[in-house]
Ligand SMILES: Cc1cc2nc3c(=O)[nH]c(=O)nc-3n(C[C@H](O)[C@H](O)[C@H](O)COP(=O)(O)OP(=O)(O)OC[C@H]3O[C@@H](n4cnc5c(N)ncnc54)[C@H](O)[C@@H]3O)c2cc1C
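Shown below, as structure tokens, is a lone chain in the form predicted alone; questions about how it binds or moves come after it.
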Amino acid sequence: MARELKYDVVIVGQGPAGSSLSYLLRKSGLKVAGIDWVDWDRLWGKPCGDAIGAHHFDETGLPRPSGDALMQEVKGIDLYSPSEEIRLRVKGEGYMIDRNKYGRRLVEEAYKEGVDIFLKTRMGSVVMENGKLAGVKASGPGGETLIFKAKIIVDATGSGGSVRRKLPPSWPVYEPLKKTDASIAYRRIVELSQEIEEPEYIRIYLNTDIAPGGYWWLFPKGRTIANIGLGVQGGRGYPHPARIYREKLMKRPDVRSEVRVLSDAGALVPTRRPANTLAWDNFLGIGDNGYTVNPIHGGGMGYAMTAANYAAKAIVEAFEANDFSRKGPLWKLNLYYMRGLGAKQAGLDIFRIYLQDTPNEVIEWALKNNIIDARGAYETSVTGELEANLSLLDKVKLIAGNLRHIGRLLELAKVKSYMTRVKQLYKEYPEDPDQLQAWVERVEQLYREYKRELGVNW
């Protein structure tokens, strides 16, 4: 027999987005349940680079990692050209974390302060009543059927969308992820026989021969422990990154010095602009579920926290207004996110599309000729504006000596223009859900035009 449980808010998934929301709602006075199919030891189990910028904690009010959850303080990123002869050092404070230990801290704090946590509880189906989302059905640890009823259901289950994909296809939140808008990632956490120099700097390597449509990384977690992995663009027939790791990365001295593999895993990572909407009637989708990632490097933990912070505000306002429809305060999640961080991520998505069809030769040329320097790389990743050195004098000098790259130089100017245009569209995100479809059509038209001009056919 099924057991029915009634809540104000049910959060499906307790990864970075879901556990952050549980933590942020712990003192809201609302009756909240957080559910996840894993146990305590596998919370935040999705493999990633484990790096997160310090500013995300200050912006959301979530606690900074400390104790055994903190593996390494980060002072910046070293970005390497394909030949590795050029290195751009981008300064910035951050952390390498133990994901499970940090995630457990958030969930345990939420539980201590009143959030009901249901682990080893697998989401099954959605409960619809009178055409509206009313709850979810799940299987508990002993196989018991649990029906969670709530005014608001939050999908924080990642890009797979355990709730989202079971909603009516006619709902705008039902938005599948295209294979080419995702990366297939593989990483190992390894112990190395040699000490890592400057472990406070994480390394990103741009090399299409190793990571087509992506990059590979070496992120130190101390002097002799490192997170090493790569991501390749999906949907284009590239080899699986685990195979590339074995066949190419393991030939490098800094990688093959591993003496012990502590863990290895792969994952699908969305690398696109945010979903068209994160909210609908009685529903919110946050984190990878709403594609709220940095499209260039695929980092999602900090943006999941930001989306959770905005979701918490929208949820509290919805209960104050006693309105859980898309016309009410839930829609503010979209306004909070899309007009700010979402606009930046849309700009980066435009740049991502350009980069994924750019060969090693051109990347090397651009970095060697200071088309993008360390500051420009940082500003681009933060603002979503292409901070390239494209003054008239630079263009004349470069064209004079690099005739074969004239087209690429002109393309960069186009990319910069489209980044600005898409950001403006996101800043005009509609206040009324009834205007969403017209806005989406404008965005999709811009993307079609952009891809046509670049000759991109994926």
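All residue numbers are counted from 1 along the displayed sequence. Worth saying up front: this structure is predicted, and the values here are computed from it rather than measured.
Just so it is clear, the following notes concern the form predicted in complex with the named molecule, a form of the same protein that is not shown.
You can rule out all but one of 312-320, 86-94, 173-181, 116-124: in the model of the complex, only 116-124 has residues with a heavy atom within 4.5 Å of the named molecule. Gly302 is the sole member of Pro274, Gly135, Gly302, Gly234 with a non-hydrogen atom within 4.5 Å of the named molecule in the model of the complex. For the options Arg326, Arg203, Lys344, Arg99, the residue carrying a heavy atom within 4.5 angstroms of the named molecule in the model of the complex is Arg99. Using a 4.5 Å cut-off to the named molecule in the model of the complex, each of Trp217, Val269 and Gly287 places a heavy atom inside that distance.
Taking non-hydrogen atoms only, Arg187 approaches the named molecule to within 4.5 angstroms in the model of the complex. The shortest heavy atom separation between Phe57 and the named molecule in the model of the complex exceeds 4.5 Å. Though the partner is left out of this view, Val32 does not reach within 4.5 Å of the named molecule in the model of the complex, counting heavy atoms only. Although the partner is absent from this view, Val9 stays clear of the named molecule in the model of the complex, with no non-hydrogen atom inside 4.5 angstroms. Counting a residue when any of its non-hydrogen atoms is within 4.5 Å of the named molecule in the model of the complex, the hits in 3-27 run Val12, Gly13, Gln14, Gly15, Pro16, Ala17, Gly18.
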